[in-house]
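For reference, the chain that follows is the form predicted alone, supplied as structure tokens.
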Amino acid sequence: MSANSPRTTPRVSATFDPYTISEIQRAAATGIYDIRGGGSKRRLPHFDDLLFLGASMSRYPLEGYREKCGTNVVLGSRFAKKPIELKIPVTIAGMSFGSLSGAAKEALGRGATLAGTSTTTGDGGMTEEERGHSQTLIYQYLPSRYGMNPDDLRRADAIEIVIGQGAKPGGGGMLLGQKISERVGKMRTLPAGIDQRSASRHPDWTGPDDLEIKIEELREITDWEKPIYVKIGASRPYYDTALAVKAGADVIVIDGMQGGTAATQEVFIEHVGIPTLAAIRPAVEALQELGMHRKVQLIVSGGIRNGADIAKALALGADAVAIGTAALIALGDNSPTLEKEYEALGTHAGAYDDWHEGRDPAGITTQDPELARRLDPMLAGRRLANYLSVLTLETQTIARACGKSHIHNLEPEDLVALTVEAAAIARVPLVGTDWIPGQRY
């Protein structure tokens, strides 16, 4: 090339993109892997790759102002004396006190109660703020056993045995020392200020036969009143669902890799597990083959954002969904009004995932008393209730457009896929065709 020839613009490598290069440089400089919160940020097959077929000539829509569309959900009716009855198909996923402030836990309880749904404790035990403001509270029973005691099991309305989480199936979470306050440490029987890493497997069983014994034990402790959920990080959903049902679960929770976490290794978040969309149909097929679909309820979580996502999950066979990250955003996290403070932390509102560091300017994912006081739990609870109301109305709007008088009447026939990939994963036709990739005819 001559000296006078125009220079071409250098190409950015798709393999060694700027973020990858910065990660290599950070690893080389520090010698430690990166830890962060949040969920997977890579582009994955998701609910946006599906579309609904609204009613026209061959189907009749419902009038929104004159014809009802039910949204109620009953969870845990298989064995429990007191199944959970919710007004809406959206629950609040487990997020621990320690990861979240006491005010945030209170706000989640307030918002869920206003909307007629449940919230969940998360790791580290039950707080009085959450129990006192949650009409329906699910108690998570995790491998760590942090904060676990039989009295709180009895005070809960259901028990969720956590086998895995979507962001880290097969791995445990982390809680850095700066978030282990005196109160958090006392609840978890840990020294304050020392990093804590949760166990990745339960200490008192090694497989589904042992899980059956544990479920029986929990039922006896709670006089067979409480529904028993089993939460699974999505990886082998067909077999995991079948084994959980055979172990005696009332409810199965499947959490895809878009689900968030307070903190774990980024290599885990981005490279372990499968997308939420890919987990639903295998789980439903396992339930159907066992004759347990709708008898054992299925809750889907991981990246749920709006009513369309909820309606699509229900159409694919779920009974309800759970939200975590979206609930925190509704409370006020990642708010653009705090942009300058996020920038001072070296990030910005839309990308903030340093929840594990305890410096959240919104006062939600922190144990700093000054920051935590910024969150008004009554106002934040109202914001969450508003968001849940919108999610429900959007889900109803789509169900009515498909001619359904209840959200659970949505079905795969109401859906088509925009890509061959999504059609194969969701087992619905590619748009404009009757072809479902991978199915024999």
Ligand SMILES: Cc1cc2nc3c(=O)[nH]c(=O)nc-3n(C[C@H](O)[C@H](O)[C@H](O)COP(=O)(O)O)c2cc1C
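Numbers follow the displayed sequence, beginning with 1. As the structure is a computational prediction, the values presented were derived from the model and not from experiment.
Just so you know, the form predicted in complex with the ligand exists too; it's not on screen, but the next bit is about it.
**Q** Between the ligand and M95, L142 and G260, in the predicted complex, does every residue show a non-hydrogen atom at 4.5 Å or closer?
**A** Yes: M95, L142 and G260 each sit within 4.5 Å of the ligand in the predicted complex.
**Q** If contact means any heavy atom within 4.5 Å, which of 211 to 219, 339 to 347, 244 to 252, 157 to 165 contacts the ligand in the predicted complex?
**A** Contact criterion met by 157 to 165 only.
**Q** Looking at Q297, S301, S101, T117, which has any heavy atom no more than 4.5 Å from the ligand in the predicted complex?
**A** Contact residue from the list: S301.
**Q** Just give me the single entry in T325, T71, Q196, T127 that has a non-hydrogen atom within 4.5 angstroms of the ligand in the predicted complex.
**A** Of the listed residues, the single hit is T325.
**Q** Can you work out whether G122 and the ligand are in contact in the predicted complex, taking contact to mean some heavy atom pair no more than 4.5 Å apart?
**A** Heavy-atom contact with the ligand at 4.5 Å: present for G122.
**Q** Can you check whether K312 is within 4.5 Å of the ligand in the predicted complex, heavy atom basis?
**A** K312: no contact with the ligand in the predicted complex.
**Q** Classify Y146 as contacting or not contacting the ligand in the predicted complex by the rule of any non-hydrogen atom within 4.5 angstroms, answering yes or no.
**A** Contact check for Y146: no, nothing within 4.5 Å of the ligand in the predicted complex.
**Q** Would K226 sit within 4.5 Å of the ligand in the predicted complex, counting heavy atoms only?
**A** K226: no contact with the ligand in the predicted complex.
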